[in-house]
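One chain comes next, on its own, written out as structure tokens in the form predicted on its own.
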Amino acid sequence: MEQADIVIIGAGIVGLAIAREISRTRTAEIILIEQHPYFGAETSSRNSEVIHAGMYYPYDSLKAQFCVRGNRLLYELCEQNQLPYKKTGKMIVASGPEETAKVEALFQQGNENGVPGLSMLNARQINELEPAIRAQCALLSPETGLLDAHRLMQFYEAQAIANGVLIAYQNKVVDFRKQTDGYKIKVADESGETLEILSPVIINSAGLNSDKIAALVGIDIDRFHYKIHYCKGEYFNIANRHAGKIKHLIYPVPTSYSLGIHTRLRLDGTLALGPNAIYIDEIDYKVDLRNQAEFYKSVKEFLPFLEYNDLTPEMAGVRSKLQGPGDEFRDFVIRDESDKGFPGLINLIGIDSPGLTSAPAIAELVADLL
């Protein structure tokens, strides 16, 4: 049986950030377990790569706190380590009085959350900044931007390894039990060979499987509302003839469970649309071509230059949401489970958007919890 001081389950953006943070602040035997052959194989590599600012989330929620702090930490990290990024700014656009009221509410929410630099724009001001789009008013967030998620995860991985973290790729957790002296985890590699690891501290950062890991050790995920709902998001590319036509990220008013289909800017100036939000029962990364009409219709109001045939399928991702269809807002779950009888177990469950932006701030909290 292998021994470790800390075991982290899941090498997505959050698990990697945690591995880097705790390995640079303490001397410990740390093992990071990942079922896939490489990091970020699920949600972390299938998203908009946006550095969010924090205006969407209720005041004092973990999502609001970590998004605002993570925004600053990510820009510092990218600048100090020559990681590619661009502070593009974002407009949340509105047409009509109902949408305008929602955008103004986001402006107020952002100010309460401490998001810097927010301002409201009228139609003339929008036209001066983005002549190719159309809207009556917009919330401008200058601190929103883009990064290269793969390069960021590559940086976290390299830093963690340099600090002595052992990363066990292609190892899936198949059993997880509480012992008198900690926790015993059984993992199986790609050939089916198993290995047991004993550790006093387990950090469950398993993303789409985080609820299953919690259930394995004996936590009642229904009682504590830890059940993950899969929410699929598809993306469609915009024809390259429109590359460079807009400079800011352009978002519609959000829905109750997503930020809405928006323009996805890439660092090279090319464009895409997405994601939509579809609750599914099984993980599925196929793009349904029948949804092209929905994408086109949803953005044509504020992207008048777009033609239906400008869209081609790109990719899909799946969010790990605690908020199910019709549910109210659900915050991140990041907690030491000692009060449930599991000392040394830290669960991170329902880390959906703004998980990428929040990753460095979440890592700080986990280090503090240890």
Ligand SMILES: Cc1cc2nc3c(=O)[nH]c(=O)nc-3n(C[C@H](O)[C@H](O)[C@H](O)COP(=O)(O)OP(=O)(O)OC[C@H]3O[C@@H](n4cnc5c(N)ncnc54)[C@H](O)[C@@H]3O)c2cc1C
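Keep in mind the model is a prediction, meaning the values are calculated, not measured. Numbers for residues come from their place in the sequence shown, where the first is 1.
Keep in mind that the form predicted in complex with this ligand is missing from the display, and what follows is about it.
Peer 1: Which among 166-174, 289-297, 117-125, 91-99 is in contact with this ligand in the predicted complex, heavy atoms within 4.5 angstroms?
Peer 2: That would be 166-174.
Peer 1: Indicate whether this ligand has at least one heavy atom within 4.5 Å of a heavy atom of I213 in the predicted complex.
Peer 2: Judged by the heavy-atom cut-off of 4.5 Å, I213 is in contact with this ligand in the predicted complex.
Peer 1: At the 4.5 Å heavy atom threshold, is K63 in contact with this ligand in the predicted complex?
Peer 2: Output for K63 is no: heavy atoms all beyond 4.5 Å of this ligand.
Peer 1: Does any heavy atom of S141 come within 4.5 Å of a heavy atom of this ligand in the predicted complex?
Peer 2: Residue-level check for S141: no, no contact with this ligand.
Peer 1: Look up in the predicted complex whether E49 has a non-hydrogen atom within 4.5 angstroms of this ligand, and give yes or no.
Peer 2: Within the cut-off, so yes.
Peer 1: In the predicted complex, does each residue in the set N71, K247 and L273 place a non-hydrogen atom within 4.5 angstroms of this ligand?
Peer 2: Not a single listed residue reaches this ligand in the predicted complex, so no.
Peer 1: Scan D336, E42, E301, D331 and let me know which has any heavy atom within 4.5 Å of this ligand in the predicted complex.
Peer 2: The option sitting close enough to the partner is E42.
Peer 1: Scan 7-24 and write down, in order along the chain, each residue with a heavy atom lying within 4.5 Å of this ligand in the predicted complex.
Peer 2: Residues within 4.5 Å: I9, G10, A11, G12, I13, V14, G15.
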